[in-house]
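Just so you know, structure 1 and structure 2 below are the same protein chain in two forms, each on its own as structure tokens.
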Structure 1
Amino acid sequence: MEARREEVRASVGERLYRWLDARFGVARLVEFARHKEVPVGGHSMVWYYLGGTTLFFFTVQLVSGVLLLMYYQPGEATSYESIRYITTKVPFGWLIRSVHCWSAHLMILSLVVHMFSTMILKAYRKPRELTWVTGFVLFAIALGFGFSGYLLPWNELAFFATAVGTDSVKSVPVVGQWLLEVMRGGPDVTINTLYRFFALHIVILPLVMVAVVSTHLVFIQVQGMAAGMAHQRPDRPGLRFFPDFLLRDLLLWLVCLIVLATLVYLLPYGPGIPGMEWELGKKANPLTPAYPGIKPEWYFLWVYQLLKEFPPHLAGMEGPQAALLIVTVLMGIWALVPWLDRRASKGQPSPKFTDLAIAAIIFMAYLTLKAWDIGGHALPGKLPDPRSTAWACAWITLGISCAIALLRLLAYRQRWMYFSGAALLQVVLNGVFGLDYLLAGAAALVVAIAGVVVTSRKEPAVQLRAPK
């Protein structure tokens, strides 16, 4: 009896499979899945899971976001009030909001680490240039999510952070003013801005995100995950995707969920670091003056600090315009790395781009630490002293950078460090010796260029040494 029922059930499954196969050619997919492998590199496997964790947190965002929508009402008299209602009255409302906030930060964190590991492992090299570009677009969309979501509670902090953040748009040549008014729904940040950000946050960006994520994933399915560079790849077979890799993936997602739940439970309003807290605070009032300590979220802090470092005028431009020009150029270089790095695309070691990633980390870390006012003793209502902040932040950056350099030298035998050295030079000149940030930057630029020129003369020597 039991055995027969089992047989019937199996044959139902079997029949369904055949039915689908006859119509959609499912067998081909199954065959593809059976052969799908994840390359086992000379480097740690950890880096292969970060795209997956980012996707996991994005899924959490979709679910918790839809739940928040059940109560949130955009509007001058309702935005702030409905969020307060969610966190104080709705059963488990605090939980849903906290999950949404925490998961947003964790998603961006996971995305940033994913991006830097891709950079350092050169996974962007031919033929995966477009996977890198779609990843870069996803990074930009994630930042857009963070920025637009920040305003929705309509509290004081969000109001001023958005006013400053959108104001920079006006320095875009030609269309700046038009863009500013389109973003804000008028010349200033008002409730009209919130309506526009709301539409962006809950409709436009999710649609675009899903489309680009799908493209990114299709690229990865078609080309497979990138193996390590030839000179560091051991001769080992890959890991089967089904079920070996997938099960590990699922296990890691479970760990992510547990971490998320723990953070949400212990710190429902964030760790309280500037740029990483979501205490509701006071309702936005456009007619109150800004107060010290208005900061954007942590991943924007380096830009925020850079805006502060620029003088009112520079080379015929206004300070913010010049600062944003530099940020745009840096971002452009970052997006085009697969084409700039010609050595990696030929499968040769390319230490310059490894070092570029480290230099970027040093550059942003120093600015972020400064934006946090670490080491500047602030009196209430006054701003912390920028000199002592710069001093403390420079020493911290210096310490960490030296540790990283030592690790690279001893464990990975990396020698090419002109970019990271130049970035560090700027930190030291500015923080320790008190030289102007931009002058220090110019000095660093000279060192970096000199490094490239000097070592590219000796390029053949590098080629001889590397492949084993």
Structure 2
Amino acid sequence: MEARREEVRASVGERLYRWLDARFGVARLVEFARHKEVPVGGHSMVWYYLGGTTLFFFTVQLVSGVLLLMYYQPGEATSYESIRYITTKVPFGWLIRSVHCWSAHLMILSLVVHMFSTMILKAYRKPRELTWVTGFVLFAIALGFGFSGYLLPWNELAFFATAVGTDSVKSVPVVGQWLLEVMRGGPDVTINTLYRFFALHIVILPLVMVAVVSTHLVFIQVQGMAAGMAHQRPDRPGLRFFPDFLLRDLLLWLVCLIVLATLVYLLPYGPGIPGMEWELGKKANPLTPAYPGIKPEWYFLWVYQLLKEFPPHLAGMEGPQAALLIVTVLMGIWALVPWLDRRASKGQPSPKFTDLAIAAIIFMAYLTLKAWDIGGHALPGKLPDPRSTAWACAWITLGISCAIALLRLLAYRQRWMYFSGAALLQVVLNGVFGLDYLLAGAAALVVAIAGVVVTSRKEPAVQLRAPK
């Protein structure tokens, strides 16, 4: 009887909670969240929020994509027209499309920074190897989203950029031509290509993405967030996940929403730089010749530029084949880092892999800047001067890299810089002294290997201390 009176006096929320707890064990989840902690150490807490930021932009992608799908009609006579109708006739249609485009770029940017921060903090070490692998898979899926969604407006820029991007698949040995026809739905980019990319973009990739994201989050919840290594953190209590960390995460989501809304309002069609523009322009016409200077999205620019650096034939291979082989090897090394970095798995400092991440940033940044033709001084109707572009991009990369190296040396006492030094050597030889990019790369590779051999038997300096 007393229990019945207590049940009557309970609020609606309390009764609902008890009802759910009796069926799904909600109390255990609440207890788990109450005792879950986020590690606090010498490194910045900012890096722990990047995963949530990426998840926020992915959620915005799903919501805005569903809204666009209500009006978008794939087809040779409807794709371009439906996008134009969305941006000109549908109330706030231009806003939803701009939100979708901006959030896509911000999601990939957040994902890239999250991946590099995980690499530098060694958060991939045992037992979180599979968490790193699922994050790598998420990165690949995000790139697939960007590539498949680029063609859907069926405008001139998207058509020819897709033609150039898919054409590189022919360089894959043995199955290259078959892969090309599978992607395009034939030998050329046609409306069949659009149908395939549409199915990939709105059905296949979202399903795979949700599955991998769920797996990634389960791994994180089971294993917890990676604490700093023994030499990185003092004995400090962790931050409670609920409600302390969660409230901070939600506040950051609000900041991201404000930034997204500001960018959408000020730059509804992108900043207008190659790889970040979504002005609708003219409808695609396969019979017209492609205009020069077409570039892919910014996160593909380094691969695009690397393909241009290779000659037509190299060591019995076609140039694009050799370039894609290099990209495949680099991506494979990146995916296998948790197993290659044996020192971090034992809780020991591994400055080589910290420097490998910095070298990767230098390598991709220089190629991306060159792909943007910075400093090329192109005249109307003419292509930029590659020598002037390489000179300007080399000095920009050199200045930023030296600032990073100085920060690493003074603030974190990091002295193992052979990989980043080799990457910088390639930049200087190619951009400043005009040496061929591949020859400069060969010289840099020799320096990197020599650095590993010379220091392989020496104890590396302690890295990633808290800044003074």
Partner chain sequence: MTAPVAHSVKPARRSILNWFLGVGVVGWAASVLYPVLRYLRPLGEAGAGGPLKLSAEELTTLGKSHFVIARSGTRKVIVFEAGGELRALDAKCTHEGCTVQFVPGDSLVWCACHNGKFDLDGRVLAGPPPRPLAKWVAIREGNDVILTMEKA
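Numbering for residues begins at 1 and runs along the sequence of structure 1. Each form is matched to the other, and the largest set of C-alpha atoms that superpose within 1.5 Å is called the rigid core. Just so it is clear, the model here is predicted, and its values are computed rather than measured.
Between the two isolated copies of the chain, the form predicted in complex with the partner chain corresponds to structure 1. I449 is not among the residues whose C-alpha shifts by 2 Å or more between structures 1 and 2 once the rigid core is aligned; its shift stays under 2 Å.
Superposed on the rigid core, the forms differ at Y17: its CA is offset by 3.5 Å between structures 1 and 2.
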